[in-house]
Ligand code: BG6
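A single chain, nothing else alongside it, follows as structure tokens in the form predicted alone.
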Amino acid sequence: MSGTNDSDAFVFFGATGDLARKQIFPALYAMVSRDALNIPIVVLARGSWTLDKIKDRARESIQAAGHFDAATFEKLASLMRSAEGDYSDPNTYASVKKALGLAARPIHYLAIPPSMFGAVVQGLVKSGCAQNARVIVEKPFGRDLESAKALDATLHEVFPEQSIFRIDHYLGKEAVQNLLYFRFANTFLEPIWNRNYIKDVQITMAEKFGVQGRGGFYEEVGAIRDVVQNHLLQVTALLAMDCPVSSDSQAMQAEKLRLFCAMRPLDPKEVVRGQFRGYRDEKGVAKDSQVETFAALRLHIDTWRWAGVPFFIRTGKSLPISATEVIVNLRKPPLAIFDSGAHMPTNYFRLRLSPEVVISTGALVKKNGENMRGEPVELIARHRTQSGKSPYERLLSDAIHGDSQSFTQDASVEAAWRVVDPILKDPLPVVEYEPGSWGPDAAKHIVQGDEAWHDPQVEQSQPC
């Protein structure tokens, strides 16, 4: 269902890129299949990319994604128009203006390198294509705090903040959005979701694979820029923010911003950077590379709710498993009335975000027998969705409708960069680790006291 404030045309810069092939065309196809997209799609093409050639690429992309209906694709293809030219050529934007026709509220999707933002934004405003328009930009939004501020300044020359949608596909994942719902829809959590009951929080994003032939790209980003500054700090915000006063996007953004501003800049002494053995042999990687493929860190949040509670964040490539998991460890009871064993785990909540969606609670129960001795058990709830939207389908649809709840504000982006800037400007040397391990041994010391990292395990399949 469309609204009076919905965008009435979708302009796609970067339609011939890898992201378009893997994610965007399947997302647009899915939106059409749900009758959620019925506006012109203007695709920017350069050189030999004719409209027919782009349609063929879109068809191949959608077929490769595993779902294809000829009638649905023909409907998508009928919405597509092309505009030709180089991004630095004013005639390109005259072509865009012509392709837009009577559209009065276009949305421009910049799936292009940030270095091109300036030329595209100026081309849009000079041609009149920026009037009453919105713009979507992809991560990474900058390389550090200074570059993020510069990109914001470039966009703000033309677009007000409420018309800018900074896309992070991780925020469109069903499991990530479920974090927020689980926290604030269940009364039993709020009384204990604070420093009085929670000992620490662990967030692990592990990938079993390496850089998959993208060594040149990874040399430009590294693990901290690639997933810590955006994905994992966003997950932290959802876990730690206070309840917004309403469900509208402004209220949600305000609470997230308050939480980001309370994150203390990282102390290099509380960060370990690792690099898996063999990374320097990858194509495009320097033989003396100091780019991290693993990072473990201790984050502090200076609010009344979280003061003194460490957030341990870990991510890496070539680890034993591909999984993203949150562990919220609760404090032990004040008196050990019953024998629970010297190394018995504390109570905890476990939130598996991928590849499965699992919510579980760790508890202690009495062992069979005469003695009051305990053993750990896990109470597990699995949530199976049959036809959920992909992250890009959800986020592109939200942007077209003007809903910014799952996007990031300029102030929040800059606050997140402020957290990681100290370890980007003066990084310690990387520590090598073996592929298939849980990273360098030094990472074990990031976790304090008698606590240890919780290593995600392969989920045991259960009968429905």
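The first residue of the sequence shown is number 1, and the count goes up from there. All values derive from a computational prediction rather than experimental measurement.
Beyond what is shown, the protein has a form predicted together with the ligand; the following relates to that form.
If you check in the predicted complex, do 298, 325 and 453 all have a non-hydrogen atom within 4.5 Å of the ligand? Verified in the predicted complex; spot residues all out of contact, no.
Based on heavy atom distances of 4.5 Å or less, which listed stretch (286 to 294, 103 to 111, 372 to 380, 166 to 174) is in contact with the ligand in the predicted complex? Stretch 166 to 174 is the one.
If we define contact as a non-hydrogen atom of the residue within 4.5 angstroms of the partner, is residue 143 a contact of the ligand in the predicted complex? Residue-level check for residue 143: no, no contact with the ligand.
Residue 231 within 4.5 Å of the ligand in the predicted complex, heavy atoms: Contact check for residue 231: yes, within 4.5 Å of the ligand in the predicted complex.
So, residue 209 and the ligand: in the predicted complex, are they within 4.5 Å at any heavy atom pair? Judged by the heavy-atom cut-off of 4.5 Å, residue 209 is in contact with the ligand in the predicted complex.
4.5 Å heavy atom contact, residue 393 and the ligand in the predicted complex: No.
Candidate from 130, 198, 271, 227 lying within 4.5 Å of the ligand in the predicted complex - any heavy atom: That would be 227.
Which residue among 96, 240, 205, 120 has a heavy atom within 4.5 angstroms of the ligand in the predicted complex? When the ligand is considered in the predicted complex, the option within 4.5 Å is 205.
Sequence-ordered list of residues in 297 to 319 near the ligand in the predicted complex, where near means a heavy atom within 4.5 Å: Just 317.
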